[in-house]
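Below you will find one chain, with nothing else, as structure tokens; this is the form predicted on its own, and questions on how it binds or moves follow later.
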């Protein structure tokens, strides 16, 4: 009975703060690997050594080598940096216009809101990956269309959450009182609106980065995203998959790195949302 009481006590419970700290810690470690790794690992991720094809973990290759004899440690570090960078830039490109347009629609209303809602509805009517594929068709394997396509699919969530929350805040009696007292729009925005929407935007940003990482890896895996020899995690999995019976750990390494990146972002987002 005492054991049951101990287990139900607060010290055994993990709340949103624990999830947020776990996610943040995981992302800090992975971010350090992505940012510092390529600088301190003195190996070209594209350098081939057929004599070391599928070299096991340890020895001259800390995490082994792929079927071309390329260092998996170097390729994982560059792949993590690429995934982090693409996800962060995609999130910014989606969040900045989404938030600004959401504030505009909530503030102005009328034709501005109706026009933006129409654009958002049209974007949502297209499956996200289809929109990215349409843009990639003009320049397959390049960063620009991939980055732009992902941003175009993600901005709508930022726009709609910002618009709905801002309209709710602006309808509060204390906002009307602030206006009657002569406070301007910038004061109301910074003192009342932004503190309310900031946690929601932070949560959406974490989810958007996780979605971008998965999308980039998926598109590369089906050979319509970034192309080899670019060290991208999704394409690394596909390249190594035919050798799974000989080197299963080599296939699992990029897959595990994708999992950890997305897990860290999801834990961070769950903590923020709670």
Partner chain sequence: MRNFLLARLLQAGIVAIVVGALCFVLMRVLPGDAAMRIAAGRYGPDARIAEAAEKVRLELGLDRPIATQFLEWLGNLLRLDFGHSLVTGGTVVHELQVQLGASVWLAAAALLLSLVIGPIIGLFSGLRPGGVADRMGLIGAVTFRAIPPFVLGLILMLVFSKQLGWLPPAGFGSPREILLPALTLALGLAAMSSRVTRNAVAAVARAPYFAFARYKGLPEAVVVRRHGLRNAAIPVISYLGLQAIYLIEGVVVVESLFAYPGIGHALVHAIVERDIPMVQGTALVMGLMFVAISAFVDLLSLWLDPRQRRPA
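Bear in mind that the values here come from a model prediction, so they are computed numbers and not experimental data. Residue numbers count along the first chain shown, from 1.
There is also a form predicted together with its partner chain; it is not shown, and the following applies to it.
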Site check 135, 223 and 270: each within 4.5 Å of its partner chain in the model of the complex by heavy atom | yes
Which of these residues, 241, 43, 35, 29, gets a heavy atom within 4.5 Å of its partner chain in the model of the complex?
-> 241
Considering 195, 127, 173, 182, which brings a non-hydrogen atom within 4.5 Å of its partner chain in the model of the complex?
-> 127
Report yes if any heavy atom of residue 131 sits within 4.5 Å of a heavy atom of its partner chain in the model of the complex; otherwise report no.
-> yes
State yes or no: in the model of the complex, is some non-hydrogen atom of residue 263 no more than 4.5 angstroms from a non-hydrogen atom of its partner chain?
-> yes
In the model of the complex, does residue 231 have a heavy atom within 4.5 Å of its partner chain?
-> no
Does residue 258 reach its partner chain in the model of the complex, with heavy atoms at most 4.5 Å apart?
-> yes
With the partner removed from view, which of 88 to 96, 185 to 193, 116 to 124, 103 to 111 is the stretch that lies within 4.5 Å of its partner chain in the model of the complex, judged by heavy atom distances?
-> 116 to 124
